[in-house]
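Below sits a lone chain in structure tokens, taken as the form predicted on its own.
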Amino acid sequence: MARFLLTSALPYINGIKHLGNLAGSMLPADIHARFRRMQGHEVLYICATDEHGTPAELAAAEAGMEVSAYCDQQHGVQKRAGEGFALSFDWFGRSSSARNRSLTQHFAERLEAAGLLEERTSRQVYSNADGRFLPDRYVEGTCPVCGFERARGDQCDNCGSLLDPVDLKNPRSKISGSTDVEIRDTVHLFLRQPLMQERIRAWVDAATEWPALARSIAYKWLDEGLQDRAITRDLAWGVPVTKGGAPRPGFENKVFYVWFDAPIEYIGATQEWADATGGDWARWWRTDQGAGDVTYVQFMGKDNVAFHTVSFPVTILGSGEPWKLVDRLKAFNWVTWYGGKFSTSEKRGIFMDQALDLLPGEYWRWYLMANAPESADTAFTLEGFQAAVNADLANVYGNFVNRITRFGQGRMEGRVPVRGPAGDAETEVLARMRAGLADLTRHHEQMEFRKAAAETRALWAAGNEYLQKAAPWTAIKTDAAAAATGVRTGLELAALFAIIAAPFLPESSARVLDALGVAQGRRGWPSPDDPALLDRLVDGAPFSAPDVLFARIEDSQVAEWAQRFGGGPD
């Protein structure tokens, strides 16, 4: 049994996330966690809400709430949304926790002791209209590199260049839209990343199990040369800046930058988990206390990769302490809404809570992972969603389970029939299951989600082909033994199909396995070489036909949703 530590990028606290956020981090991490657990491995899947920074302050002010109360509320909202999609977090923490505050301050002190932090007077954009310094993302203007007119102060979404807000042309406040801004001096702590340049490059060079997307983004930052980055901000909400356990002189009205403390919350959330469960957090994170044999996998969208391949490793390595570093970083491109951005204000796209109001979470889980944005951005379309649900879930998987269980219930008195001698059809389908299962297992282990979904569907389809050949409804008229063999094999296939579907479709899979009477000890991930691969059921045991697993999506529903959420040609 191996140990797997899985983390997905922290969803930001201000509002429910859209389907693209779900597909780019939390959902694939959940599927991998479920798969590894089914293999019998020890898994710890950690996530949390990212609660600091200006957006939280502004969202709370707009809601007429104190920031802490707003974060309390929104954490609960996001936790319930995750539960609606059956996300199997071992712990869903909060970056505003006391654990994360203490860790963040600890890392800052370690970095300063190592000569990697420096107080420095810098120039920052101050909005006279708003009466405050503006954090990077709250300054907009024209990119000095490509001329894009809506570049953010920290990065240009058009060309990807990392920016300093004072370098923007025609800067304006994103809060008020005012151009009445000026550059003022302010003192901040800077992380001296260039001192770690070669060490980070050597670490990335050794990261051979990262996908090309993650490596290319890391190398882009390294090739451009790491820059000193301010890790404090002129804000009231966040982790206080301390020195020696007391407020740092001159930094009483400052906090640590959200991108400094947020990744540390992976560790903080694990400590929260340990506090709540009695678990041992150190054996997951400290290589001097057992974490050396842990495989650590991070899941995130491409916009988060740079911070996880450069800034967070600088913090971890720069501390000089034996912390666990990521082994595999699974990065995703974006899911778009018909090729454009999801937007609440423009009523474009479906968000997690809205999706759950329309259909159960499994419908969305399947489509998002069957079309995971692994090699390029993927456009979500309602028409594509309808086609995938109807073809894959309703017609192939659901129809197979429905046909064989209802026929067996009616003609075999709801008892598992004794299998007769195997014929050519049974030999062929068993060979197909073994070969396909070997491929499917490899895809899951390599975190190739689209391929895993495609092979899962292909195995379901092979089961339907078997039923057409065996045709127990025809054989029963002349050969009861052959009919019994067809039904028994079909029921065994239904059980196998539910098991291999479980990472994607955990709730419906459990319903199928319960209806078939499959013992809990026989629900683990199957080995292609298992001699009992199609022998999970007990002769004569009762079984039932589960309710319809997946309803078809009708054209009228798609038309209604398109009108409500946007869709189709602009």
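The first residue of the shown sequence is 1; numbering continues from there. Since we're looking at a predicted model, the values are computed, not measured.
Absent from the display: the form predicted in complex with the RNA. The rest refers to it.
Partner contacts here mean any heavy atom within 4.5 Å of the RNA in the model of the complex, and among 272-280, 129-137, 247-255, 83-91 they occur only in 129-137. At a distance threshold of 4.5 angstroms between non-hydrogen atoms, Thr287 is out of contact with the RNA in the model of the complex. At least one heavy atom of Asp50 is located within 4.5 Å of the RNA in the model of the complex. In the model of the complex, at least one heavy atom of Pro55 sits within 4.5 Å of a heavy atom of the RNA.
The RNA in the model of the complex is not approached by Thr427, whose heavy atoms all lie more than 4.5 angstroms from it. Remark: none of the three candidate residues (Val241, His443 and Phe449) comes within 4.5 Å of the RNA in the model of the complex, counting heavy atoms only. The partner is absent here; in the model of the complex, the one residue of Gly320, Gly177, Gly76, Gly225 having a heavy atom within 4.5 Å of the RNA is Gly225. In terms of contact with the RNA in the model of the complex, the residue from Glu465, Asp167, Glu209, Asp479 that brings a heavy atom within 4.5 Å is Glu465. For the partner-free chain shown, Asn371, Ser375, Asp377, Thr378, Ala379 of 354-384 come within 4.5 angstroms of the RNA in the model of the complex, judged by any non-hydrogen atom.
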